[in-house]
Ligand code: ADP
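We begin with a single chain expressed as structure tokens, specifically the form predicted alone.
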Amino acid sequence: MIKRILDHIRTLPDFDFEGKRAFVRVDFNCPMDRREVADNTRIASTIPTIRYILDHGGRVIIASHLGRPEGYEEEFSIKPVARELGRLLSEEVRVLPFDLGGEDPGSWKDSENRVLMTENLRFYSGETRGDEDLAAFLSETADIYINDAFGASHRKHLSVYALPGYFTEKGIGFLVEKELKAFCKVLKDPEKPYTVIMGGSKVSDKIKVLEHLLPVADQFLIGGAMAYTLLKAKGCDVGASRVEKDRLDTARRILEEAEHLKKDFILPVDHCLVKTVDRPGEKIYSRQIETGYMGVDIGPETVRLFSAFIRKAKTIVWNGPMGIFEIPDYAVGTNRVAEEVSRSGAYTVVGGGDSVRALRALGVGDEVGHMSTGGGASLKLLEGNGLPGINILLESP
């Protein structure tokens, strides 16, 4: 699927931007602190796309969502993001008015401003529920549509799914192209041994990924709360650990399929345990989970077991932490896995916010092949069906 998309989708060098306006959908849903950008990683990652268009005689309208406001809410205004974008570009970024009533889309298209930015797309109800009038308006503001919002491309929202259908000229930016190429390397003819590391809270979020990768990968290292649903499905006592009871049959099926395919499907053999999450000082490490205790991280024996597989791997996909990573006392397993992954020498693709944060916090992010900018989008790609916001770009208007 990804290889076919890469072979047929248009990328930036395929367009003539001279004298034209490009509508560039980005994912600037940045962490904010007191209405200022707290982490500009997502903005910085799209600068090469914007700069390329400007350097080739084009102008841009940047569009992104920010948070989940219910209609117009001043605290979710895109203006602080626009200021940070302007600083990184060394360009004036004009934020367009929120109220489209009486606005002439042609005035946006013909504006002398090189960089325009819409207000938060989530201010418009039509962004999430679909609105032909909004799509028609936005389509008249530009000549070319570019999707560089990898992190939003798994959703069928108007600006990434319906809007491209109004454009004859449409394609992807450098960020999306980079993401697709990275995932192509781990989904099509990956170098063996191929190790998949999965964590996070819900096995239900990863079922389709596991089903798709079981025939492809060699080893599966499972941590996080999702491991306890799988352990429970095996008949293990997991105490008060989080279990998705409605997914136990599915978990059994995954375990049976892994055994049938003769895959190494490795679950934790020891655990960091607590009775109450907010009392980390009372944590213990044990192979057995007694009544009243819950698992909040993998234990040292599991770390050693996982590390042995990671060191032999040639290809690694990692998505999800090994425990309650946001609490430092329960981040030991995730941090150790991050260290091993960074030293492995394997081609590694990391998706999911906590996995990426662990690598960055340890200062080893540059040691892995690719850190994805979209957790949900990366999971969708790993399911093998592509992304709605990317697939639609291959269709004629």
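Position 1 is the first residue in the sequence shown; the rest follow in order. Here the structure is a predicted model, which means the values were calculated and not measured.
What follows is about the form predicted in complex with this ligand, which we do not show.
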property: is_contact(Gly295, this ligand) in the predicted complex, heavy atom dist at most 4.5 Å; result: yes
property: Residue contact check: Ala225 to this ligand in the predicted complex, 4.5 Å heavy atom; result: yes
property: In the predicted complex, Ser355 touching this ligand (heavy atom, 4.5 Å); result: yes
property: Contact test in the predicted complex: Arg242 vs this ligand, heavy atoms, 4.5 Å; result: yes
property: 4.5 Å heavy atom contact with this ligand in the predicted complex for all of Ser139, Ile144 and Pro164; result: no
property: Stretch in contact, per heavy atom within 4.5 angstroms of this ligand in the predicted complex, of 201-209, 128-136, 231-239, 156-164; result: 201-209
property: Heavy atom within 4.5 Å of this ligand in the predicted complex - residue from Ile172, Ile324, Val93, Val186; result: Ile324
property: Candidate from Thr302, Asn319, Thr315, Thr118 lying within 4.5 Å of this ligand in the predicted complex - any heavy atom; result: Asn319
